[in-house]
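One chain comes next, on its own, written out as structure tokens in the form predicted alone.
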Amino acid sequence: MGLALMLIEYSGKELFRKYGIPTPEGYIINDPKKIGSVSKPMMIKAQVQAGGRGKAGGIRFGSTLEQVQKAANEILDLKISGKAVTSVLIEERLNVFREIYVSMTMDRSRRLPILMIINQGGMDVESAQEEQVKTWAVHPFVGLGDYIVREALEHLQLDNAPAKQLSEILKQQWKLFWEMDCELVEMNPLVQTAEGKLVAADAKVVIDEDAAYRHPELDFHEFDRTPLEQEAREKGLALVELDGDIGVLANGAGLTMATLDLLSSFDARGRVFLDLGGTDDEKVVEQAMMLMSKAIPKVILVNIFGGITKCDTVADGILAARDSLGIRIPIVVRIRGVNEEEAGLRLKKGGIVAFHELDLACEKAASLLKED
């Protein structure tokens, strides 16, 4: 399964500058004592791969060295979306006249990239009215057509100078999106300053992990994986830690996500997303269960839909892992496909009831939480 790799803001802005998209001047630090002189208003911004930094107190400003150092100290003590802040970006504060939202992303329903522009940006962009939002599909073989740029300029009603600048920014944004194998290139906000210049005040760049090998110039060590996520990656497994209570192991990313969605209908949330892939190798199943147990979920829910995968082999792996690792937390299994009857018998003999229907398995897993 390919994962999305989100650059921290500072690295995203480095890419912006490489592609000619203007950004504020700034630098990154992890020690407030390393902050240089302050001669003008500055922004202090948490550098984490998480949204909602502003509402979480991760974006502040100061006009003196003492104010900037104090804000940096306080931000470095924060956790945002469960992630500790280990560095902050110090950059000039813009003289804002207007904020705009501009993004390039993938539209799975159209199977095409889309350009989205909202004529208001910033923290409250979600409250924009429908008429403020415009989208255009961009065919990769054609690129960002001039007609799209003209319609975007008409939507925003910019004066001549910023309109000309936006035209170039949109073209460079598309070039970055395409050349860097991005899933998202977002400027929120793209600021029009009081002086009439357009500057990307924030940068969110998400790259398809399957294309990472094509970009050795990027430092992929910066991606905020937990130690357990990194261990799984080294073993060739896709694991994502979440903030719920149920460890979900399934064979396929889509099946895993569908399981998490269904759990939510029973007021339960996932603790771990673990994609077993298409394997039925007993040793791989044991490794997956070992990783799962390290996350300390309250319940483990296994969802196997076997086409190529042999259900009985997976069942053997589950039982072997439970016994060898001494797993004592409840295990719920939904198993369908090749050799499902034999798998069910082996699980039942081992003290685990296998469900045929996913909703029943999810309901059982959720009910076990309430018994805990």
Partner chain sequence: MLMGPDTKVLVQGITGHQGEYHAQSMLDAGTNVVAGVTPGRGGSKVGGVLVYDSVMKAVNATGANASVVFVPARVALDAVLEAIDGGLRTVVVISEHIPQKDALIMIEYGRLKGCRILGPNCPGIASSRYGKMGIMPTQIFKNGRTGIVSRSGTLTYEIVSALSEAGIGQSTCIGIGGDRIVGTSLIDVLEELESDPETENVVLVGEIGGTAEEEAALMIKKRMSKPVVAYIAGRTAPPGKRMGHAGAIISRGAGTASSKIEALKGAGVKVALSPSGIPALIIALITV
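Values in this document were obtained by computation on a predicted structure and should not be read as measured data. Here the rigid core means the biggest group of C-alpha atoms that line up within 1.5 Å when the two forms are laid on top of each other. Residue numbers count along the first chain shown, from 1.
Absent from the display: the form predicted in complex with its partner chain. The rest refers to it.
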Spot the stretch among 74-82, 252-260, 159-167, 283-291 with residues whose non-hydrogen atoms come within 4.5 Å of its partner chain in the predicted bound form. 252-260
Just to confirm, Leu358 within 4.5 Å of its partner chain in the predicted bound form by heavy atoms? yes
Would Gln129 show up as a contact with its partner chain in the predicted bound form if we use heavy atoms at 4.5 Å? no
Its partner chain contact at Lys45 in the predicted bound form, heavy atom, 4.5 Å: no
Indicate whether Glu183 is a 4.5 Å heavy atom neighbour of its partner chain in the predicted bound form. yes
Glu154, Asp210 and Ala238 each touching its partner chain in the predicted bound form (heavy atom, 4.5 Å): yes
Within 142-162, the residues that have a heavy atom no more than 4.5 Å from its partner chain in the predicted bound form: Val142, Gly145, Asp146, Tyr147, Arg150, Glu151, Glu154
Per-residue C-alpha change between this form and the one not shown, Glu195, threshold 2 Å, rigid core fit: no
After superposition on the rigid core, does the Cα atom of Met116 shift by at least 2 Å between this form and the one not shown? no
Superposing on the rigid core, is the CA of Val240 displaced by 2 Å or more between this form and the one not shown? yes
